[in-house]
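Before any questions on binding or motion, here is one chain by itself as structure tokens, the form predicted alone.
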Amino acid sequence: MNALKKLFGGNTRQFGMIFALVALIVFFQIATGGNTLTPGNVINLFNGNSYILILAIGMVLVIIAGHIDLSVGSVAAFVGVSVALMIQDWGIPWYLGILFGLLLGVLIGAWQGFWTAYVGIPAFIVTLAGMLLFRGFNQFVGKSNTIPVPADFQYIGSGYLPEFGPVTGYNNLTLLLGLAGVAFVIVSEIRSRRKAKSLGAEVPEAWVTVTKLVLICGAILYATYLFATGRPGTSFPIPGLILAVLVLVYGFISSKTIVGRHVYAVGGNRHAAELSGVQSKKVNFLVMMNMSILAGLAGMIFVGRSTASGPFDGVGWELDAIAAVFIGGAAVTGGVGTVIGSIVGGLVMAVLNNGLQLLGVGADLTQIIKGLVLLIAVAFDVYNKSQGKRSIIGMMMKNFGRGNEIKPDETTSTKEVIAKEA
């Protein structure tokens, strides 16, 4: 147990969701006779859940700021049908359709952000109205019809990295992507140790760092092998590539920029943040706008995967995104959460869904199990916090950037957050 504490930097219970994810994968791998960790199933799992994970990235920032967004499914559906209609009726190129969809997401986000940030209506009410409003727009604009999209547009939702270089029996671009991921993890850990030494902070023992790198890099390389050895014509999916870029970008923004620190400050204590000079209205406006942009992107990816926009797209997506964020360790009261945590929570739900489908479990029992998982995960997190511990995912990033860097999941006062950025 002491070795595990050294390896993970704290009590292993604080990594409950990581262990739960691994346990679920192992359980379903055994229960399904090895059908869970097959290249085809792993590729389908990412393709089928990438849009929910993208929504979870935006939702975690909304929840950290102390809000909730119930409109993301309707916004995604409205953007998807609008883009499909524009491509079909106006004949615009697919890439202009994507730009139009992102712009539409900006406008919708500005609309909801204005009512939330500057008028002062709670985001719950604003987005509840938005859920009804944009669901109605979706059905009105699309006339409740299915609207197909061209093959070029479908690529963003169902495409794969192309074949490149000599014939090796693997997809070479996928292999290069996996090696780049391994290199990124190693370089980040080395930089973290050097920074800790330069600041005089505690540096993990060498065996701890080596063991951690072996585990993480081993997982990356195994996933790379699965993606690179799928059936002919498949490889690492384009939606997965978009998701990976978003995780890196938003992980950096949330943990290493002033904007990210202000989001945590506003969610932790809005009045104290305002007294410290944080423009809470601007922060609230930005997180709501960002959520709608990502919802628009998720809607377009789904339309690309399903090859057409339909009147029932987006139904229930907001619940899946919110569940992923809370399972990933975010606090209901705001101020706590991470992008990585929301992705882990989303993967827990995705693996659970996928595994139950492979076992032939009905949709009714699947919903019951998902509800119990969400309740137990949040209850476990609440218990940990009542004992003075950080959230489940809170220590995942502990060894990345020590010293003066803000650790958003730690109990940090707003004044300390603002002082750090000075």
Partner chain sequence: MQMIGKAGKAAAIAAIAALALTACGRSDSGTSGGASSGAEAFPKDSSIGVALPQKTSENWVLAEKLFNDGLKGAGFKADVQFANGGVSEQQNQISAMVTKGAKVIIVGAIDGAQLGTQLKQAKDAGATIIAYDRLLLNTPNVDYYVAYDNFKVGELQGQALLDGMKAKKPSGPYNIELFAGSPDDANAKVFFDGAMKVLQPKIDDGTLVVKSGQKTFEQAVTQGWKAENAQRRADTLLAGSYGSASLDGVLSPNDTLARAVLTSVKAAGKPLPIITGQDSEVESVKSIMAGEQYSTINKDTRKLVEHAITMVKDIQAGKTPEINDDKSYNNKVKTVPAYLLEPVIVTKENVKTAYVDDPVLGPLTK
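This one's a predicted model, so the numbers in the text were calculated from it and none came from an experiment. Numbering follows the first chain given and starts at 1.
Note that the form predicted together with its partner chain isn't included here; everything after this is about it.
With a 4.5 Å cutoff on heavy atoms, residue 250 does not count as touching its partner chain in the model of the complex; it lies far away. Under a 4.5 angstroms non-hydrogen atom cutoff, its partner chain in the model of the complex lacks residue 110 among its neighbouring residues.
Shown alone here, residue 361 lies within 4.5 Å of its partner chain in the model of the complex, counting heavy atoms only. For the chain shown alone, residue 233 is a contact residue for its partner chain in the model of the complex, at least one non-hydrogen atom being within 4.5 angstroms. With the partner omitted here, the residue from 338, 171, 290, 116 that has a non-hydrogen atom within 4.5 angstroms of its partner chain in the model of the complex is 171. Taking a 4.5 Å heavy atom cutoff to its partner chain in the model of the complex, the contact residue among 346, 304, 329, 239 is 304.
Exactly one of the stretches 146 to 154, 117 to 125, 252 to 260, 93 to 101 approaches its partner chain in the model of the complex with heavy atoms within 4.5 Å, and it is 146 to 154. Of the residues in 288 to 317, those that come within 4.5 Å of its partner chain in the model of the complex through at least one heavy atom are, in sequence order, 302, 304, 305, 306, 307, 308, 309, 310, 311, 312, 313, 317.
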